[in-house]
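Listed next as structure tokens is one chain, alone, in the form predicted on its own.
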């Protein structure tokens, strides 16, 4: 039983981070039809900027806030300088642009920071909490709680605010949204900035557990993409469910099979979804009338 609880909490903790990355993918995809493979770099920026700002003497909460602001600025610059000028390009071209942006951000981070792994202090200390015989890191509860708060705030924003409804309208039909007076360019910029903020918060929360470096974003982006596909690309609820399921799959796979295949599970999920269920668990089948 303690072993099962240990794997369960570990899986939910890692899965919560995948869910946040997948939410970033979903937010951008809904607003602009772009699959942003630079999403993982926002997680990296959240962790790295916080580490170096804290090392420079900035109080940890302010350092975390600074990291989120830096990520939002980078997300807006990515949209204004790269995505907006190529808005009429094919989806493949836009994907290549985001991959290029990811490589650029990694290179800049390597020059500005360093190639070492870094760790942040845990918010509530490192003394494990005993839960049904399992030793749980207190930071895991911060990750799970932080993810829950972000999901709730995103839901309230999309369902209870005029700006959120503008995002949903743009996601449903850009032309119709423009015809009713919605500034879709502003909505898309907002989506990039919001997805960057979500990624940065994930980076701040996870760094005390998993460490961070300039190149952690690539694998996180791939796993977040796998989670988004598993849940159904474009569905926020699916992104959360896909992230948690992928995290649990990894944790129980590592625990009961072998840690050798830890990173292979995400790619196996991508292949299975592509072959067996392209619309994902919560996606809708596309119907084209002729």
Partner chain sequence: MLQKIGHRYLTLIVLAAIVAALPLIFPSSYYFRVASLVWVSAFAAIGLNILMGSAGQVSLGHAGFFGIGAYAVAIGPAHLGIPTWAALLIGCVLSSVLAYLVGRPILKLKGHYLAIATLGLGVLVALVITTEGRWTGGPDGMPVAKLTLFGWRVSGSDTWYWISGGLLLLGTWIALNLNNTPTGRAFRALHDSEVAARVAGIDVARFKLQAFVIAAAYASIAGSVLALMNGFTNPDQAGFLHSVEMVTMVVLGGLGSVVGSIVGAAVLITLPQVLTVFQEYEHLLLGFLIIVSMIFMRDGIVPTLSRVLAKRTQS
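Numbering follows the first chain given and starts at 1. Note that the structure is predicted; figures quoted are calculated from it, not measured.
There is another form of the same protein, the form predicted together with its partner chain; it is not shown, and what comes next is about it.
- Proximity to its partner chain in the predicted complex, taken as a non-hydrogen atom within 4.5 angstroms, holds for one residue of 154, 73, 185, 96, which is 96.
- The partner is absent here; in the predicted complex, the one residue of 251, 233, 31, 241 having a heavy atom within 4.5 Å of its partner chain is 233.
- With the partner omitted here, the stretch from 241-249, 60-68, 254-262, 47-55 that lies within 4.5 Å of its partner chain by heavy atoms in the predicted complex is 254-262.
- Among residues of the shown chain, residue 107 is one whose heavy atoms approach its partner chain to within 4.5 Å in the predicted complex.
- Though the partner is left out of this view, residue 100 does reach within 4.5 Å of its partner chain in the predicted complex, counting heavy atoms only.
- The shortest heavy atom separation between residue 222 and its partner chain in the predicted complex is within 4.5 Å.
- Contact annotation for residue 218: at least one heavy atom lies within 4.5 Å of its partner chain in the predicted complex.
- The candidate site formed by 37, 86 and 271 is fully in contact with its partner chain in the predicted complex, as each residue has a non-hydrogen atom within 4.5 angstroms of it.
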